[in-house]
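Have a look below at one chain only, the form predicted alone, in structure tokens format.
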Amino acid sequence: MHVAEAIASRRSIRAFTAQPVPRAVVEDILTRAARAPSGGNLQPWRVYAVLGAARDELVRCVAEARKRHPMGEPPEYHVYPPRLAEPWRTRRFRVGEAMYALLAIPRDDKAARLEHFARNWEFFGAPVGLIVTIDRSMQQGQWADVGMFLQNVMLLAREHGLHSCAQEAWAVWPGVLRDYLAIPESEMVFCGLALGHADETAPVNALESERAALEEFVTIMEKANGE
């Protein structure tokens, strides 16, 4: 598979089949993803992979915790800026509405929307869950490194015929994750990632988010200033 094809076919999958993913495939993806660019070769990412019974027990632990905290625990960082400005606010709103339209969940059905959102904490049914952390001492440059590592994971998944969903929703369970996975206090939970085979019959998986036109985010200069 060419890189361009992997990029074009990668999308956030929110319904997976139960078909298992061999541990060897998970290890291969993570090993090769670690070739991601990393300033100073710090390689600041840390991954906790759960498969099989370990994955199921984590899902059960979160379900139990939701009885006390339905929306999760306080996250350790802002997933989105507290006051999201334009055009980002509209982009977030539009992709959310497009997703719920595919699910046939109206805007006023808050309970159904919450129920679907909570599927994040089941890895949307994927047989493999990854929890990604970063050391608290790291700065913005190292967070960018983790993002590039995650992109490698998602593109390599496509090479194996798999799909994925990066899930910042896992950031709201730092306590549960720390207890279950024995994550040290020195590490901050950044996100989760679901990995597996897409359920191609699920309407929600038809979602293809919009992308801004090139001229909206790129400035190309061919002449020096003043010419």
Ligand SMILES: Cc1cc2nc3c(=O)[nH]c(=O)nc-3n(C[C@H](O)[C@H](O)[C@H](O)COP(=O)(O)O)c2cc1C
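Predicted model, so just to flag it, every value in this text is computed and none were measured. In this text, residue numbers run from 1 along the sequence as written.
The form predicted in complex with the named molecule is left out here; the points below concern that form.
The chain is drawn here without the named molecule; in the predicted complex, the stretch among 63-71, 176-184, 161-169, 26-34 whose residues come within 4.5 Å of it by any heavy atom is 161-169. Relative to the named molecule in the predicted complex, residues Tyr48, Phe149 and Asn152 are all farther than 4.5 Å at every heavy atom. Proximity of Ser209 to the named molecule in the predicted complex: non-hydrogen atoms within 4.5 Å are present. Interface residue remark: Thr17 is not counted as part of the site for the named molecule in the predicted complex, having no heavy atom within 4.5 Å. In the predicted complex, Gln142 stays away from the named molecule, with no heavy atom inside 4.5 Å. When contacts are judged by a 4.5 Å heavy atom cut-off, Phe123 does not count as touching the named molecule in the predicted complex. Within 4.5 angstroms of the named molecule in the predicted complex, the stretch 1-36 places a non-hydrogen atom from each of Arg10, Arg11, Ser12, Arg14, taken in sequence order.
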